[in-house]
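Okay, so here's just one chain, in structure tokens, the form predicted alone.
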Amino acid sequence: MEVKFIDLQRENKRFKEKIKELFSEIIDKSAFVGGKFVEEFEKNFAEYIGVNHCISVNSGTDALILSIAGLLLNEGSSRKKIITTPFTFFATAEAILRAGGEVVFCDIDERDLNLNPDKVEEIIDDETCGIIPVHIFGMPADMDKIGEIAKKYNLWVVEDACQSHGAKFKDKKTGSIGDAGVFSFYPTKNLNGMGDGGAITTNNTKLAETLILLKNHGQVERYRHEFIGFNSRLDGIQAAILNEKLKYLDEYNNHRIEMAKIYDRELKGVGDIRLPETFPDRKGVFHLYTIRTRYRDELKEFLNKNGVQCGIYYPIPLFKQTPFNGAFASTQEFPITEKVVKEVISLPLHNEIKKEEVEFVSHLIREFFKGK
């Protein structure tokens, strides 16, 4: 059996005819940038997340850059240091620099692989202005502790929710807890388009107003610009697709959770595998199902040889990436991150994966560990 890591063809088959209809309507209305479809998606996504404002942009990376830039602009102080995790995609830290901030990395918690709040407090100084937790692999960070620290030191919080569409911390969806939440709708996400797309969610009206200007060249009215901005607008075509797929997001997330439970059951106690942890106050949505083993590289090779695709996220921590060497990283050590990046491997899990595929992958992994 061949098992794909992500099968977009299988998913998009479900939406193909409806999307053809939407394309036709978009062409008839020339609603390519802004307009009805974008407005509808912003309204619906804000309601889904549970916030007052949703500002759509053209990628998750731009969502990060604009949210940080907007907060720095509105704060207007000399504080520029922003604390984030080194165990995430490059864009999280890249966006801090692009927006005019300074990156300060903090080690992760070994249980949830998210930013360790206890370590965060140790590295805050007078130049710190914000914290960017990443809800890695769809598991929410400990937003209670992060929020308490932010309040204590007068810091803002941007949730990088690019992997956690629909996840919950207690009774709140990710993207509704901090000062802003950022989302990516890249084709591999739980809620995905057919191209790039992103959004910023917030209850801060002043920030929302700033972001609306920022994403359109800082333009207050036609040909009058308040400040230097960006060209970052969500296409009408992507908005229409996302609006249709949003109707199925909870169904898909619940499917991912059920498939993750099969992995949990089938792989419990196998070899030295460390399964993803769950928490009673958090609902993860398994953007990735990531296990840990010291045999990671051998296991990946074995699975690939037997027709199973898998992925390694993220093998090189951000503090070892060239743009963040030296001045942009804190001087502290990162023992948990250093350990985790050598062990993580993500198994096939997507919106349309089948039970028999999950069971087949699990069977192969059990077979692999019989010789260990």
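Only a predicted model underlies this, so the values are computations on that prediction, with no experimental measurement involved. Residue numbers run from 1 along the displayed sequence.
Separately, the form predicted together with a small molecule exists; it is not shown, and the next lines address it.
**Q** Work out which of Gln238, Thr290, Ser232, Thr88 lies within 4.5 Å of the small molecule in the model of the complex, going by heavy atoms.
**A** Filtering the options by heavy-atom distance leaves Thr88.
**Q** Taking the small molecule as it sits in the model of the complex, is Lys189 in contact with it (heavy atom to heavy atom, 4.5 Å or less)?
**A** Flag for Lys189 set to yes.
**Q** I'd like to know whether Tyr314 contacts the small molecule in the model of the complex, with contact meaning heavy atoms within 4.5 angstroms.
**A** Flag for Tyr314 set to yes.
**Q** Quick one: is Pro140 in contact with the small molecule in the model of the complex, heavy atoms, 4.5 Å cut-off?
**A** Pro140: no, not in contact with the small molecule in the model of the complex.
**Q** Report yes if any heavy atom of Ser184 sits within 4.5 Å of a heavy atom of the small molecule in the model of the complex; otherwise report no.
**A** Heavy-atom contact with the small molecule at 4.5 Å: present for Ser184.
**Q** Among 303-311, 57-65, 332-340, 42-50, which stretch has residues with heavy atoms no more than 4.5 Å from the small molecule in the model of the complex?
**A** So the stretch in question is 57-65.
**Q** Looking at the small molecule in the model of the complex, is some heavy atom of each of Thr92, Gln163 and Gly197 within 4.5 Å of it?
**A** All of them do, each having a heavy atom within 4.5 Å of the partner.
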